[in-house]
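Okay, so here's just one chain, in structure tokens, the form predicted on its own.
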């Protein structure tokens, strides 16, 4: 009986191989800390506002009835952008407030982020405004062209979350991939054939030539985001074709002889080179050559250069984990590397990555606000928190243009940092 009890205790302390333990640990940390609990609630609210921003602030009605026909202008606008539906023929006016409706339901805020109200320029929240009724009052004031600050904050919430979450999602995918190569495989475990090494070097050179050098004109004149996607597609095609040829030639005994590739050494040097260049300089240099600015350009650039911290921390964790008994036992049993990584190594090394991503989201939001404030990287039609702050430079006494966007940036960055602190508690608890 004693032996059975001893065995059960050993099984209890076996390493977790799923993310359930981390999820439970996160909830424990949130329940212990009131600040983390409220931060998560605020994040849910921000995600809701960002997702339904067009339904919260819009000059178009949500539902309307004109000449006995029912229209859904806001939803239909999404279909138009996706080229799924054609514009309404019966409704061609841009000023939706002047249409004669049989029935309508407006958005809570009757202004879009790009709506102009030239009768109310630089109006504070407490000043007298030239409006038809209280419903059309600018509750948080207006900018230099009469743009509603409240609507701008709603639209800025979506852009801030898009930049923060999507850029760190890209950085997370790249960082985890390179972190596994450097940390788990190290300098000796990653082995490939000689011909595959040569062919991949050739493929990389061809990718640079045909994916970027020959397409410089397309990058300067076209949509940068779309052109990057096309270049990545070209690279995938080249590398797939090259590796298919290498697979065929690997059957030769001499060409197929495998050698170790020092992945840890190579990736560590690459990380050092990227980290030696400040991100803000990379953004300025990249965005200065883009003819058509877009917020997705900012997302791509931040994502492609923010992965180094994730890769470095994951490498450090995997260097420790790969020498633990359960990893060595799995290798001895003949378990494939991919299964060991996904089922055992990565789940037990993911905690610091979650912390970095949480703090990285707040950092990306600050970077986007800085670029918007300077008028770099975002389109003229994109109303962001940083852009609202920039309006305050033109008129220093317009305090509402600095206070409300500043509060929004402060709250958003703070709640993500508090979530990062909660995840740090989970990591210390697990360790």
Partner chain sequence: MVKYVLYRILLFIPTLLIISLVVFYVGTLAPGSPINKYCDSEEINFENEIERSKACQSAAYKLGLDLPRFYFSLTQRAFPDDFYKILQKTHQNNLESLILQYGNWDEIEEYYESRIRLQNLLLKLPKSENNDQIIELKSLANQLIVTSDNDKIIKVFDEMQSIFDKQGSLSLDIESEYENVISSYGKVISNQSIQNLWIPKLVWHGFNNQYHNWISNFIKGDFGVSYFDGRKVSSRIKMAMKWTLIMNLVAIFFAYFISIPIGVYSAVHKNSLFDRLMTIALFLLHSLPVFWIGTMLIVFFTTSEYGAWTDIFPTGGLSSLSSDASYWSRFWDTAYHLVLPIFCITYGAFAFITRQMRNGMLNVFGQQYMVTAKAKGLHQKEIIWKHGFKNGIFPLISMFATIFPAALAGSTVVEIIFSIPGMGRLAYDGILQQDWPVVNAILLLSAFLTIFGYLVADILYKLLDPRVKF
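Residue numbers count along the first chain shown, from 1. Quick caveat, the model's predicted, so the values are computed rather than measured.
The same protein also exists as the form predicted together with the partner chain; that form is not shown, yet it is the one meant from here on.
The chain is drawn here without the partner chain; in the predicted complex, the stretch among 126 to 134, 178 to 186, 108 to 116, 262 to 270 whose residues come within 4.5 Å of it by any heavy atom is 262 to 270. Contact annotation for residue 288: at least one heavy atom lies within 4.5 Å of the partner chain in the predicted complex.
For residue 87, no non-hydrogen atom is located within 4.5 Å of the partner chain in the predicted complex, even though that partner is not displayed. Heavy atoms of residue 243 never reach within 4.5 Å of the partner chain in the predicted complex, leaving it off the interface. Contact annotation: residue 339 falls outside 4.5 Å of the partner chain in the predicted complex, judged by heavy atom distances. This chain lacks the partner; the member of 201, 281, 100, 254 within 4.5 angstroms of the partner chain in the predicted complex by a non-hydrogen atom is 281. Between the options 276, 323, 191, 83, the residue in contact with the partner chain in the predicted complex by a heavy atom within 4.5 angstroms is 276. Residues of 402 to 423 placing a heavy atom within 4.5 Å of the partner chain in the predicted complex, in sequence order: 402, 403, 406, 407, 409, 410, 413, 414, 417, 418, 421.
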